[in-house]
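So this first bit is one chain, no partners, the form predicted on its own, shown in structure tokens.
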């Protein structure tokens, strides 16, 4: 691929033609936060956390799916970009129903890490929240859709990496959610010995059943009648 020159944060860098802004930035040691993006999945641009400012563009653009072009001038951490990212994260937190201190993924939650990096505290907004019952009938995957941020990484990982296509997106607007079949609790035999969706989930929306965790640690299971 041909080499092209772009300017990122005032510094001219070289990158390969066909790269996205995010790829070019990462290759040159410039970190751009992402939530829906994952290097092993097809870019989607759903969360908008990775927006950057491109001179000449009317709006901020998603860096994970926007290809670079010769002479492009990019600002990844301008005041406008940071203010937009903070607002997006604040809105996500305002609609997020999870309780961090009770979440198994609290210390590795990507949403919580990005919020801390951007110095986003308690959201100012009062928003309607979606509360869902815990889905724990499957012996392989526990789902807590109350903690889901609709990044769609589980659906793409299940399809593109595992090749199972267990998940889909249903409904519209605020009622949108990740569903299984006709919006049924997840209980699929193809999930046995998989766990791909769990590893790709950035929050605590997906996890392993507690019995499986105890077995992995080598602790005896206590079975009550």
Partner chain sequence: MTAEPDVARELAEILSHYSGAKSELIPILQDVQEKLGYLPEEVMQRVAKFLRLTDNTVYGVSTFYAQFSFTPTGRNKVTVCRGTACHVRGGARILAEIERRLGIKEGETTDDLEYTLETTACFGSCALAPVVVINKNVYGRVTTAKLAEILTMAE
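Numbering follows the first chain given and starts at 1. Bear in mind that the values here come from a model prediction, so they are computed numbers and not experimental data.
We do not show the form predicted in complex with the partner chain, though everything after this point is about it.
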{"query": "Partner-proximal stretch of 194-202, 51-59, 35-43, 173-181 relative to the partner chain in the predicted complex, 4.5 angstroms, heavy atom", "finding": "173-181"}
{"query": "Contact label in the predicted complex: residue 169 to the partner chain, heavy atom within 4.5 Å", "finding": "yes"}
{"query": "Residue 165: touches the partner chain in the predicted complex, heavy atom cutoff 4.5 angstroms", "finding": "yes"}
